[in-house]
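Given next, in structure tokens, is a single chain: the form predicted alone.
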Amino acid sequence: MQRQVALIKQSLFDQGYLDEQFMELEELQDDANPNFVEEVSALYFKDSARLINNIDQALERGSFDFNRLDSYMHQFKGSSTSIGASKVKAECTKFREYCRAGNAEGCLRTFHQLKKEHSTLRKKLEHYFQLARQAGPKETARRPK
């Protein structure tokens, strides 16, 4: 089961969903905080759902406040960066570029893709954490000091 968990995690990196920041988070996990990464991820998805809702509402108004949209996306990009959500982070960057250019169509198109990447990552991480819980604790590799 541990091997299956490791393969799933590796596929998340190979497919570009996660980057090295996720590994940094895992290094902070220890016996005192055995579910640290899962808890941080849950907080990320809770906060990002709020941001997605705020952006959805702002976009539905039809009059684009690019400064407000950029501010929301700045927060979203920061939290995505902190957990290593690389595909989501890339879409945040594109969205912010469209905001700066005043390109409403680009914002809408990119936001649609961002929500898709966010949803996919959420499902993949939920599966990963579920299997990791079933597999139980493992001996984690540590970087040499």
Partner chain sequence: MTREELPNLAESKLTALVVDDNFVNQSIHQKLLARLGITNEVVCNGKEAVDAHCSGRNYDLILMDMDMPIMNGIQATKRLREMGIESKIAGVTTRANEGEKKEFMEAGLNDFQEKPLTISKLLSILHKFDFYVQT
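Residue numbers count along the first chain shown, from 1. Since this is a predicted model, take the numbers as computed values, not measurements.
Keep in mind that the form predicted together with its partner chain is not shown, yet the notes after this line are about it.
Report yes if any heavy atom of Phe66 sits within 4.5 Å of a heavy atom of its partner chain in the predicted complex; otherwise report no.
No.
With a cut-off of 4.5 Å between heavy atoms, is Ala132 one of the residues that contacts its partner chain in the predicted complex?
Output for Ala132 is no: heavy atoms all beyond 4.5 Å of its partner chain.
Quick check on Gly78: any heavy atom within 4.5 Å of its partner chain in the predicted complex?
Flag for Gly78 set to yes.
Partner proximity in the predicted complex: Asp30 to its partner chain, non-hydrogen atom cutoff 4.5 Å
Answer yes; at least one heavy atom of Asp30 falls within 4.5 Å of its partner chain in the predicted complex.
Let me know which residues along 14 to 43 have a heavy atom within 4.5 Å of its partner chain in the predicted complex, or say none if there are none.
Stretch hits, in order: Gln21, Glu24, Leu25, Glu26, Glu27, Leu28, Gln29, Asp30, Asn33, Phe36, Val40, Leu43.
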